[in-house]
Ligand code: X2X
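Take a look at this single chain, the form predicted on its own, given in structure tokens.
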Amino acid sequence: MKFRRSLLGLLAIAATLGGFSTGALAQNYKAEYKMSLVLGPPTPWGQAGKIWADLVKERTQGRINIKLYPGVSLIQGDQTREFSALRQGVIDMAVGSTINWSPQVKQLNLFSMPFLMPDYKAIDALTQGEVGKEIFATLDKAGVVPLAWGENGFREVTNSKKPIKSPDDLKGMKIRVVGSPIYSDMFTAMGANPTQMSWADAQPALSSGAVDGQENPLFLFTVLKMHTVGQKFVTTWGYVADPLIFVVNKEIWASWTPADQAIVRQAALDAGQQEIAIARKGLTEADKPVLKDIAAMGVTVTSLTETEREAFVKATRPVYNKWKSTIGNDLVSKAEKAIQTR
């Protein structure tokens, strides 16, 4: 009997300590967590962050509150510093671009390999398969906790001069590109004059004619009304795609209970699925309504034939071969095989 009473007492103490521990953890939670985004709602990218934040708040009964910081405002708008700021704890969590983070994590340049992914099934074959798992393991080693994939979409080229149907049409054109070296290499190989600049600088440059064109997912064309900044010609060539990644800073992640970690992870997966559907809406249907909407703005939309597209593939092949070793020959080969067998 004494043993039983002692055992019950010990269990009671353990339960009390367990409750104290959980309460202490809850008390250590921040009142607000900062999520970095390049774009806010109503873009698919911004909606990814909002859906994730809303699901987390609901499912944790308000224990984890997340505030969105679009325009990468936590780092003065410098997209290429976002990953470093995540590791340093300046940013708590983010839905980030593989392009923007590729200067710090070279393997992420995989998705910017010219004409690697011919369609949406190819993107899925990479992100949802062994290649995606390997990249997540690399990100974990680099200092963040990756949770889920989203999507910024295929990047198409626009300009103010003429329809682009061949590399010759790009010769001499000033094209705004993102701040990643592989993009400068690609457009140089096609005869263009690539200019790296932030989107904030790009809009006035396009308006004034200092820059002739740019490349971005098509949802941005309609959201930002790019026809009003001289972009009268669109070519859909699907030369690269930009998956998004839901991540959390490692120290923040470790500060949450395992139960809350599971909630945040599942919320990211759910938000990612919803956001991918949003990003592809109007582009996967047979009649591609987004292209019709753009054409209705008085814009000439050019869709390349297989033969026309192949000319761009050939022009950028030296860039592909150059970057294969930088990214990792094994990883690129795995990606090629995954796409071939999709």
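Heads up: residue numbers just count along the shown sequence, starting at 1. Keep in mind it's a predicted model, so treat the numbers as computed, not measured.
What comes next is about the form predicted in complex with this ligand, which is not displayed.
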query: Heavy atom of each of 38, 152 and 155 within 4.5 Å of this ligand in the model of the complex; finding: yes
query: Listed range touching this ligand, judged in the model of the complex by heavy atoms within 4.5 Å, from 115-123, 267-275, 137-145, 174-182; finding: 174-182
query: Distance check, residue 212 to this ligand in the model of the complex, heavy atom within 4.5 Å; finding: no
query: Distance check, residue 99 to this ligand in the model of the complex, heavy atom within 4.5 Å; finding: yes
query: Distance check, residue 52 to this ligand in the model of the complex, heavy atom within 4.5 Å; finding: no
query: Residue 253: touches this ligand in the model of the complex, heavy atom cutoff 4.5 angstroms; finding: no
query: Residue among 216, 236, 249, 231 with a heavy atom within 4.5 Å of this ligand in the model of the complex; finding: 216
query: Candidate from 169, 92, 242, 260 lying within 4.5 Å of this ligand in the model of the complex - any heavy atom; finding: 242
query: Stretch 45-65: residues contacting this ligand in the model of the complex, 4.5 Å heavy atom cut-off; finding: 45
